[in-house]
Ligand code: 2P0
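Only one chain is given next, in structure tokens, and it is the form predicted on its own.
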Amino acid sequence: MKITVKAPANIAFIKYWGKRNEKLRLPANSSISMNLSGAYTTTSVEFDSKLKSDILILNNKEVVGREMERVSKHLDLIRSIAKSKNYAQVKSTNNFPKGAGIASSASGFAALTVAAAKAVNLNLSEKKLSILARLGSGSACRSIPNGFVEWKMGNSSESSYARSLFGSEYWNIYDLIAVVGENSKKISSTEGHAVAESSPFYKTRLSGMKDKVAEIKSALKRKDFTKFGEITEAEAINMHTVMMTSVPPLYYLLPGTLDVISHVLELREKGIECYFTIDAGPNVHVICKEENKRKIQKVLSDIKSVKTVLINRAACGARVI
């Protein structure tokens, strides 16, 4: 039986950077995110007793090597739960640049998890699917529930999962992604997490995280856009400071990244409220209210270094289609 699932990428307002347990992908802190309506992965999984090995076709090209091994390892986990020995053919497409810091592994492993589980007739709860997705790619757990999501750090594999704080229709804010780089990162997020603790600012970052999570959840509940934006923007700078002071240092930002940031600051000076955040990549997420969306989209589109602008609202989590 072939199952097809659509799963969104997500943007973290409070970031996930650093792990307490590499094998279980347990994060060093809880995080808060929003699923993205305009950036998603569509994945089909079909198990077949005639196959001699797993097959991965990504964006219409067959993939082998490390990426294939990672997918097979995740399928092995699902096969072990279902007590199945059949291999699978996986076909997956992204509607956005892969490996450029727009959470392609999050949407990819969320879609893979739900599709593979359904294809072997596993009837798992959202919590169980979130835990399973986390084992494939940490941030994938946040692409399972709806809308605005909290990934609870927990203290074990069973207690580290994502849950919906508010649904996709809760707050009509937008995330305009200014794409300034479409190439895959030279250093993956997985490699970056491994050196996070080498930054002299890492422990300081974690020491204030509990209060920061509580503050942004309060701002979300009150729909306090100014407070929400200020926390989000400061958090992005905080994470990239840790990245750039790790050993070796991680420089994900491009000149175009700083160009977009300067335009965001200019927009605010003109009274057009918006805030930036950046994940582990060069592309800038500009968060704004609906009333300012078109003005900001035009400003971003006119920047020479911006290749395209992806428009997103809050979205549902991974779903069978």
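What you see is a predicted model; the values in this text were computed from it and never measured. Counting begins at 1, following the sequence as shown.
Beyond what is shown, the protein has a form predicted together with this ligand; the following relates to that form.
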ask   = Looking at this ligand in the model of the complex, do all three of Gly38, Asp175 and Lys298 come within 4.5 Å of it through at least one heavy atom?
value = no
query = in the model of the complex, does Lys293 have a heavy atom within 4.5 Å of this ligand?
reply = no
ask   = Would His193 sit within 4.5 Å of this ligand in the model of the complex, counting heavy atoms only?
value = yes
query = Is Ala119 one of the residues lying within 4.5 Å of this ligand in the model of the complex, judged by heavy atom distances?
reply = no
ask   = Closest heavy atom of Val213 to this ligand in the model of the complex, within 4.5 Å or not?
value = no
ask   = Since exactly one of Met153, Val179, Met239, Leu250 fits, which has a heavy atom within 4.5 Å of this ligand in the model of the complex?
value = Met239
note = Per contact check vs this ligand in the model of the complex (non-hydrogen atom within 4.5 angstroms), the hit among 59 to 67, 256 to 264, 277 to 285, 40 to 48 is 277 to 285
ask   = Considering only 25 to 42, what residues come within 4.5 Å of this ligand in the model of the complex, judged by heavy atoms?
value = Arg25
